[in-house]
Each structure stands twice: as structure tokens, then as C-alpha cells.
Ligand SMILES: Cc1cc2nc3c(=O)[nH]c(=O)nc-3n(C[C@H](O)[C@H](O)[C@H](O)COP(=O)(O)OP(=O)(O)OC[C@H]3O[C@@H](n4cnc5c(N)ncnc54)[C@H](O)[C@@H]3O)c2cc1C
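Only one chain is given next, in C-alpha cells, and it is the form predicted on its own.
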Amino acid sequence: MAEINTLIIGGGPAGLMAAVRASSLGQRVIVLEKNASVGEKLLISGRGRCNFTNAEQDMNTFISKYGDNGKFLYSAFSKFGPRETILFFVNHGVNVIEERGKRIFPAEGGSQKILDKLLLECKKGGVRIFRNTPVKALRVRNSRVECVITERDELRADKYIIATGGKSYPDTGSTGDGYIFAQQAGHSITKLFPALVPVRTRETWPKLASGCNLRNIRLKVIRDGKEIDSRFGEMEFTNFGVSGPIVMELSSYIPKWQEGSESLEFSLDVKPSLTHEILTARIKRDIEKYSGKKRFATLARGLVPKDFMRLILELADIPSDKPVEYISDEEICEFVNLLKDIRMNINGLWSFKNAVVTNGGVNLKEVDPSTMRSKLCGNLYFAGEVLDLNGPSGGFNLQICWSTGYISGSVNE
């Protein structure tokens, strides 16, 4: 085998971007992929449509999406940020469109289009991709990686990049291997949690509305009786709790919020655009209008979606067949309070199998943010989800892959 300059473990978006960049600089590159095909997690991104970055132009706003660890990305984004990512794919024949929330997608072809372009550039650069080649271990000596051990061989290179992904969607090959390799090189791994994942509730009644999607609602987080966060948007009920965009976004913070708290709840406001007073007045007008003609279920149907009816009737504790003229002021008040504040006790997260990304990873204090080089092992680099970085949905997590992959592939040993 010819001499290897750069050896990359993992053929996902970060690994392929690193390979494209390194080969464009004249490096002899190989990629080791444990699966039979590369980019399996990329192919399911955005349900196959691939929201590959975000068009937010203010860098401080962009960085803030990544929470406390976001500052680590300033250097990488200044060299290859969302603008450079869009230009990269456009220059390689991908037409793009911008959708709600500044999300950027390929105009056609989805995830397969993005993957095809990366593989084409790898082919042009002479990158060799070895599929069905799981790495067993790194051999480290004198603070440098000496070789990578596979089932069939020991491979030596000048430089090694770990781009194995995290633990989310393990069926795509992201089973946490990279954390083991990092530890073999002396790195510490921060605590791992599933992120962008559905949330379990202590209550079982959400299953009464399983599959129901509520739009334009507000979901608050109540910690020990005090509101600490809220989101406006869409959520969905499941057999085990709640899901949907705003729930998934909040899920990334739940492990931290649960630490040291006695209670953590969601408060659902079904009618955030209406005050208690306006909602009460509307219900009283409907009662007057439909007196002698309608029952409570009909009144409720005018306020909530059809597939939410069974649940709201269960929670209201007002007989669905009760004539509206017999609904008391006290019952009206309780019903309005319910619409404005449906409480759910948070009982943990769904598993990594259901998570979009991993919260936690290689400790950022042990990685040089300007190069992605290990501070503990001179010829070792990291890229993508294996690092302790994650963001909300909207293209932010794939941008981590593109930026860190590009930067890690830019350094010649």
C-alpha cells in the first residue's frame, strides 16, 4: 500500500468533507467506513431532504444556537462557515433553496445529491474509501498515533482524523466507537445524552392524542415551580409523551435542567395568542349563541383540532354531552385554565435510537479549535458529532460536520 498522509475513520458528512479538503491539498487520503456504504446518516437527514445548513448571517446569533460550547466554533466558522458551505455545494452543482427558519436545502435531489457531490470530489482527489472496514483500536505511543488496527491490517499514516459520529441513530453505524478511540489517545468524554429526541412524560394520557400535531402553541418549561424557558411552534403527542420540533429542541437542555431539581414540567398553552379574559369572553359568547342547541363537545370542537378532542374532553372533566347552557362560570374558568396551562411531568428522554444527535462527546478543552488537532496526541484530529458540540434542528448540526471536517482536513503533518 502506498504511503498514507491522512487516514480518516468514518465516512459520514464530517469524514467525507475532511477527505475532500485534504485531497484537494495534495494529500494521499483513505477513509475507513464500518458500514457497507458511506453517508447512511446523511441520507436520512431532514427525512431525506437534507437541511444541510442555515442562512443566518449574524455570526453571534449563529454561534449562540450551540449553547455554552458554541464559542469553540468561532475559528472554524470564520474559515469555513455557513456561507462557505453554501458556496461549496453551489459551485459543485447543487442548486439550493431557503425555507422557513432560514433552513437551506438542495432544490432537488435531497440528501443523495449532497452525498453524490462529496463522493465525486473524493474520486477526483484520489481518495480511497474502504467500506466494511471497522476499526478495532488505535495504537498510541509517545503521544502520537502509531497505527490504526482493523480486522485485517494495521494501517499507518502521518495524520489521523476521528469522524465516527456520536451514538444517535445507531442503526446507521453511530455506535460510539469514536469515544473509545479518543480515550485510547488519552481524551476524556463528557457525559453523553440523546439530543433532539422525543420526551417521555410521567402521565399516560398523551397517548389519547397520539399522532396529534398542534401548531402555533407555546410550550413552557417549569423547573421547581419557576418558568425557565419556552418555545413557540409545533409539537406532537406520542404513546409515551411528546415530540415535534419545539420539544426536540428543548430536549437538548433537559438533562442539565433535571440536575438538582425536584420537579421539571412542560406547560402547554394551546391558545397563546388569546388571554384568559379574551378566551373566557369567547366561550361565554358561544354558550349564549348555542344555548339550547349544542353540547359541550361541540363548543370544545370550535377551540381545538379534531384529533385533540378526545384528550381535551378527558382532561376537562366536563361531560361531553352536557348542554352548554348548564356550564357554570367555575367550569368555564377551569376549562380556560386548562387550555392555557396543560401540565406534563417530564420523565426523561427517549433513547439514542430515536435521537437526531448526541449531547456530549470529546472534551473541547482537549482540542485546538483552530485546527481540530488533539492537544494530547500530536497527529490526531477530530471532526463532527464525536466532539462535545450539538445544536438545534435547522441545519446547525450538519454545519458542525462541514466546518470541523474542512478544518481538520486542512492541516498537513
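The structure displayed is predicted, hence computed values, not measured ones. Note that residue numbering follows the sequence shown and begins at 1.
The form predicted in complex with this ligand is left out here; the points below concern that form.
- Stretch 132 to 140 is the answer when you ask which of 87 to 95, 212 to 220, 132 to 140, 254 to 262 has residues with heavy atoms within 4.5 Å of this ligand in the model of the complex.
- When contacts are judged by a 4.5 Å heavy atom cut-off, residue 9 counts as touching this ligand in the model of the complex.
- Residue contact check for residue 272: none of its heavy atoms lie within 4.5 Å of this ligand in the model of the complex.
- Mapping the unseen interface onto this chain, residue 201 falls outside it, with no heavy atom inside 4.5 Å of this ligand in the model of the complex.
- Although the partner is absent from this view, residue 236 stays clear of this ligand in the model of the complex, with no non-hydrogen atom inside 4.5 angstroms.
- Taking the partner from elsewhere, every residue among 15, 172 and 357 has a non-hydrogen atom within 4.5 angstroms of this ligand in the model of the complex.
- Exactly one listed residue, out of 34, 373, 28, 65, brings a non-hydrogen atom to within 4.5 Å of this ligand in the model of the complex: 34.
- Between the options 177, 249, 121, 331, the residue in contact with this ligand in the model of the complex by a heavy atom within 4.5 angstroms is 177.
- Although this ligand is not shown here, in the model of the complex the stretch 274 to 303 places no heavy atom of any residue within 4.5 Å of it.
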